[in-house]
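The chain below stands alone and is given in structure tokens; this is the form predicted on its own.
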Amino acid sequence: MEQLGLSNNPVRIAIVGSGPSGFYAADPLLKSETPVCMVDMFDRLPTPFGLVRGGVAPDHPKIRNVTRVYEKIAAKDRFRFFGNVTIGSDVTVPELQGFYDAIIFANGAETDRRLNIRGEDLLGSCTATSFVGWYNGHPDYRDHTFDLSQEVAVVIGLGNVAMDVARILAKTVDELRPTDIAQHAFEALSESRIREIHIIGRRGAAQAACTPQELKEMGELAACQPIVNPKDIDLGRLCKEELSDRNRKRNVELLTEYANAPDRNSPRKMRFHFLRSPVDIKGNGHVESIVLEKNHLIGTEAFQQRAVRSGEKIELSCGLVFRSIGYRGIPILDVPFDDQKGTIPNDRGRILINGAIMPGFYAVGWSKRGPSGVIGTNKPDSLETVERLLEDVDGLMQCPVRENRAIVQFLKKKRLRYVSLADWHKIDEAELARGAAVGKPRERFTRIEEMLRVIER
């Protein structure tokens, strides 16, 4: 068999997942001259870009502009996209191995962490994952409903996703109208009766995990005032030391501004609560209240403090609860999975099984490190994995089927309607046209059948 990595025998690589980490892995592989690589990217949805499309809030269009970078990567020679193909069920991992020398898993973290408290499954207790997917038109969440007739909502968590959920709940119709929010969500939110939003953080003001930009936007809402108890920003010595971190310092400055601001008599209020943990959600079939236990911080070093419960509890009346305490991965058949961490076990991107390296198997992004960081964090993370893969090329077992059309023929034989890059461009153009017709940047298709119909026209 010819040497692997030559122009007439490139390293054949499958990337499972088309979010940021997948594209950041594809880029250096396609740029590599020694060895030469070709990349086929698979996604279970017909559309690429992962959480950039389905997770970024509609009022943050600048963040979504990163897809222009991914489009340029996708336009390179030796790249193909196969959407609407689920690896692990439509195509098994052993089947995929027949066509590729290496497989990179960039499948992210598709579900959420649970609170594991009583009442978590009552009606009105929701996940941030489902709400974000719903207002972004993700097909998985198109038919979800949220009881926006309630007047009080609680958001558990102080990360960026929690801020997105709270901000979308707080925005007026006029603020949402010019965004690309899904039409069904816009219509429901325009009828919302929510007047009070409580944001609950397990730790203190100095440990808020959101970025200053996310927090700053709360003070710019047209009809909602952020409210902070001045006592919550009366920091102890260790918390003050933690303000050496620029983001933490800016967050505390913003929270201080909110604490000192005069009452604007806004129709909606957003109340921040720190050092509180949810311990019980009460209701007779539907959420009626949430019980919070007060915490205090222990530890002797800055950045090493942790929250412990005090035993003192308070009850807060509410009709909706959104948990936003982190994403977690889901396992793929025939791929090792750490159920406790919700990630694929790996050593700098090389996938491990029982502590040993699985040759030809790699992980990037949230499936590799867990749900942390921002979009840009995935670039060095993916590069680290790609460097390991390129180091391993000489030891890779060459896949038996090396003809480019073979995977296409295989998918057709299975009667799988895969979506190519050209097909995606048709969907993209149609969504842009739908948006332009109603004065929006984009109007997404929210059902896979709709997307496939566009392709067939």
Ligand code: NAP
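In this text the structure is predicted, and so the values were computed from the model without any measurement. Residue positions are given as counts along the sequence shown, with the first one as 1.
One more form of this protein should be noted, the form predicted together with the ligand, which is absent from this view; the next part is about it.
In plain terms, the part of the chain that comes close to the ligand in the predicted bound form, with a heavy atom within 4.5 Å, is 55 to 63 out of 394 to 402, 408 to 416, 37 to 45, 55 to 63. The partner is absent here, but in the predicted bound form a heavy atom of G159, alone among G360, G159, G124, G283, sits within 4.5 Å of the ligand. With the partner removed from view, the residue among N378, N136, S324, N346 that has a non-hydrogen atom within 4.5 Å of the ligand in the predicted bound form turns out to be S324. Looking at R202, you'd find a heavy atom of it within 4.5 angstroms of the ligand in the predicted bound form.
Put simply, P331 is far from the ligand in the predicted bound form: not one heavy atom of it is within 4.5 Å. The ligand in the predicted bound form is approached by Q207, whose closest heavy atom lies within 4.5 angstroms of it. Under a 4.5 angstroms non-hydrogen atom cutoff, the ligand in the predicted bound form has P371 among its neighbouring residues. Residues R113, L115 are the ones in 99 to 127 with at least one heavy atom within 4.5 Å of the ligand in the predicted bound form, listed in sequence order.
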